[in-house]
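What follows is one chain in structure tokens, specifically the form predicted on its own.
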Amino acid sequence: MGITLNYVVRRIVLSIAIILGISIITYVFIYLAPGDPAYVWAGRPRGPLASEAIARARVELGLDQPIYVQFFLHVLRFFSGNWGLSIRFKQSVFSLVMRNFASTLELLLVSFAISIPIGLFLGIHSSLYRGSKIDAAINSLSIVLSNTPRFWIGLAMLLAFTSLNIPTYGRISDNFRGELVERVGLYLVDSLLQGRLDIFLDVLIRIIPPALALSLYPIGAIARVTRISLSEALQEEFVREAVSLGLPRNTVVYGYALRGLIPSLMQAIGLFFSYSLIDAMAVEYVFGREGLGNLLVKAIPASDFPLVTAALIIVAIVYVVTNTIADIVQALINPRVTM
């Protein structure tokens, strides 16, 4: 029995409900947080007319209305794409969040392009040599990698590359910033679409160190999951039968045992991708890159609640959507999960 439309619809409806619930909680916490957005919006006024300026700002921002009205209007604007203006930057919240999210997403994609093959390689070899010194070394390395603070490694890498005069700070050189034509928001892709290899190399050099720092956790996590899952799969009856038939080792491992692990591995990688989003926000701040992390650091002290709320909801949406896609793909590959 294949995946049913009912299963897909249920997962999508559940995801929307979770996102809506997160948006409610986020908005309430931001609303109750200390700080006055109207004070910042009014230009931090002083003197006898300050209270009047702040009162006008509260009306302009809609903060004079009851919280349930504010939240209803917030949800309505959010799902219509009108996220309002940033209090700190006086720019469209939507454009700010999307631009910075593209930077964070690019860092995540490069990081997982590094971590997935390395993690699978380590996990497979650890499983094949289970109980040996190789297995012990890889297992220890996996534990260390998955538990090492990424921001600390990022800072160490930044200092090391800087001492070698390798540019790693920032997302792109100031010399190229005005020359790059942004089309999809991913600078590596945009530079190739523009035919600018010099810009591509500059962006690539700057993204590799933070991507390496960010890849430590998924490398260790993928290696450990692969090791455990493959070790169990190699004990299955169909694998033993394949070995008894004299099939080549690579065929048994990759064609039979590992192939059956694809659904669970994809779901695990989806979870690791979601978890790494928070790490990416910390790492990009260390390297001075554009991204959601840098955006939140600037928005929170300014009580920029429209920007903070939108950024946090985007993080929640990425987490929920990633896991939903992983579940649906797993169901397509292994229909038993829908039963």
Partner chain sequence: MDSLALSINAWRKRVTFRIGLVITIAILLAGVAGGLFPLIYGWDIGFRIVSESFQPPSLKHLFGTDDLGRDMFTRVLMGTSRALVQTTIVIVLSLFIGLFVGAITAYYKGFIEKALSYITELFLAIPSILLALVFVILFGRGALTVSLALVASWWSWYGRFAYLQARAIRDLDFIVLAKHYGLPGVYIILRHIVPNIMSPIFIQALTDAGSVVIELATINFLVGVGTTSIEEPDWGLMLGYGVRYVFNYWWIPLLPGLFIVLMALGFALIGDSIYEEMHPQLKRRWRLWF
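These numbers were taken from a predicted model, which means no experiment stands behind them. For clarity, a rigid core is taken as the largest C-alpha set superposing within 1.5 Å between two forms. Residue numbers count along the first chain shown, from 1.
One more form of this protein, predicted in complex with the partner chain, exists but is not displayed; see below.
*Asks:* So which of 201, 166, 156, 73 gets a non-hydrogen atom within 4.5 Å of the partner chain in the predicted bound form?
*Replies:* The residue from 201, 166, 156, 73 that makes the contact is 156.
*Asks:* Has each of 118, 186 and 190 got a heavy atom lying within 4.5 angstroms of the partner chain in the predicted bound form?
*Replies:* Checked in the predicted bound form: no contact with the partner chain for any of the three.
*Asks:* Partner absent here, but in the predicted bound form, which of 192 to 200, 110 to 118, 177 to 185, 157 to 165 has residues with a heavy atom within 4.5 Å of the partner chain?
*Replies:* Among the listed stretches, the partner-contacting one is 157 to 165.
*Asks:* Does residue 100 reach the partner chain in the predicted bound form, with heavy atoms at most 4.5 Å apart?
*Replies:* Contact check for residue 100: no, nothing within 4.5 Å of the partner chain in the predicted bound form.
*Asks:* Please run the contact check for residue 290 against the partner chain in the predicted bound form: heavy atoms, 4.5 angstroms, yes or no?
*Replies:* It does not: once the partner chain is placed as it appears in the predicted bound form, residue 290 has no heavy atom within 4.5 Å of it.
*Asks:* Please run the contact check for residue 57 against the partner chain in the predicted bound form: heavy atoms, 4.5 angstroms, yes or no?
*Replies:* Contact check for residue 57: no, nothing within 4.5 Å of the partner chain in the predicted bound form.
*Asks:* So in the predicted bound form, does any heavy atom of residue 128 sit within 4.5 Å of the partner chain?
*Replies:* Close contact exists here: in the predicted bound form, residue 128 approaches the partner chain to within 4.5 Å, heavy atoms only.
*Asks:* Out of 62 to 85, which residues reach within 4.5 Å of the partner chain in the predicted bound form, heavy atoms considered?
*Replies:* Contacts from 62 to 85: none.
*Asks:* Spell out whether the Cα of residue 71 moves at least 2 Å between this form and the one not shown when the two forms are superposed on their rigid core.
*Replies:* True for residue 71: a C-alpha shift of 2 Å or more.
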